[in-house]
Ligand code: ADP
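The form predicted alone is given below as one chain in structure tokens.
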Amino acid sequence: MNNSSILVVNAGSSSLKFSVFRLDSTESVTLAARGQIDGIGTHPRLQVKDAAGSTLVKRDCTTSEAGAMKQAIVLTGSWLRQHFQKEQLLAVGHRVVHGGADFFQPVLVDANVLAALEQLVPLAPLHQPHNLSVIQAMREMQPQVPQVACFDTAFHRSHSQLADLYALPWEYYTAGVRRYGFHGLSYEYIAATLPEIAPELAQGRVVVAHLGSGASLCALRGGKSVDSTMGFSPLDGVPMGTRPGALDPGVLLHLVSQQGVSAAELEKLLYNKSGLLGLSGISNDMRVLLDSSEPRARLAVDYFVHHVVKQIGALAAVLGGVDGLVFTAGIGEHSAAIRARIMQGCAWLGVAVDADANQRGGPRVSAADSAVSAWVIPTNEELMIARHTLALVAASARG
């Protein structure tokens, strides 16, 4: 496998993120480059940086180059061939948001797997179609290259049935209506990294807060997922950039029966118009809200902090106590102000903030005498996907 590389892809509605990982002499994966094409179809822009963060390319593209996702893939492939021409593309690993009830570990994609994953589109309509469109395009353009799907739901399959049930008639559970949980690749990375960064927590009770545009929390015990704030879809749990988080189903019934909201309008409302954006009326970006003096911006921030603290308490109860708290993802890694407010809200659990360490970004952001330690650990979902892809392709080659 010398001179081989793995491409990791994460597709959104108007963006294509990609990373290139080289196989080293020990057959481990090492990041070589990371890039993305934003504004696909409108104002596409390609940017790629090497592992050290130095810019390799940064340019605007024409809509003829990246007017649609398939064109963006072709453009990405062309750039990669120019800059990694001496390397063989061993495989492509994909982040796929929903694995449903049947996919609980990474899987090599064939026509049957792709067809099964397409049936799950209604469970994650904001993400799944774009994840699968890239897989299909790669199958058409380079059918000889193995592709691996890695699922955001898979890590949570260690939940007990009790944690995954809804109190609905049993036939709905058997038909797949259950709590799946998401951001699993992020939580899996954190669990794998704890033995190195905070070894005293690796086998303990930890609440991980993945706080970004999409946000959720996960209860870990001994590195395994016990419970999570997200459930059947990526809409549940804490408020997010444009998604509401937990919502009384009666609100939805009211909107449909009394306000005449259609199913399509409801989907757009819940995925695109709610959360921090809906509350503030200003932005879904926490940085913008923190800088704003508008009362509704402050209200949106207060609401976010309140519900994150509330869910930390709930997960601590599920765990029977908590030994550590970990912040990750965009807000969790970069907003000292939000971390401080959340930790202050968790003082009753025994969390004491180290203001200077928190301002520096950690890794440990709790005081030395804090009964419950708090940490900032940058997540790396792409590395997890690369590792899974290499392991699966290597196992397949061995037969």
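From 1 onward, residues are counted along the sequence shown. Small disclaimer: the values here were computed from a predicted structure and weren't measured.
This next part talks about the form predicted in complex with the named molecule, which is not shown.
Novice: I have N284, R287 and G330 flagged as a candidate spot, so tell me whether each of them has a non-hydrogen atom within 4.5 Å of the named molecule in the model of the complex.
Specialist: Looking in the model of the complex, the three residues N284, R287 and G330 all sit within 4.5 Å of the named molecule (heavy atoms).
Novice: So the named molecule isn't shown here. In the model of the complex, which residue out of G214, G231, P106, G324 has a non-hydrogen atom within 4.5 Å of it?
Specialist: Looking at G214, G231, P106, G324 one by one, just G214 meets the 4.5 Å heavy-atom criterion.
Novice: Could you work out which of H334, K49, R45, K70 is the residue within 4.5 angstroms of the named molecule in the model of the complex, going by heavy atoms?
Specialist: Partner contact (heavy atom, 4.5 Å) among the options: H334.
Novice: Want to guess which of 205 to 213, 170 to 178, 219 to 227, 147 to 155 is within 4.5 Å of the named molecule in the model of the complex, heavy atoms only?
Specialist: So the stretch in question is 205 to 213.
Novice: Does anything in 113 to 141 come within 4.5 Å of the named molecule in the model of the complex by heavy atoms, and if so which residues, in order?
Specialist: Contacting residues: none.
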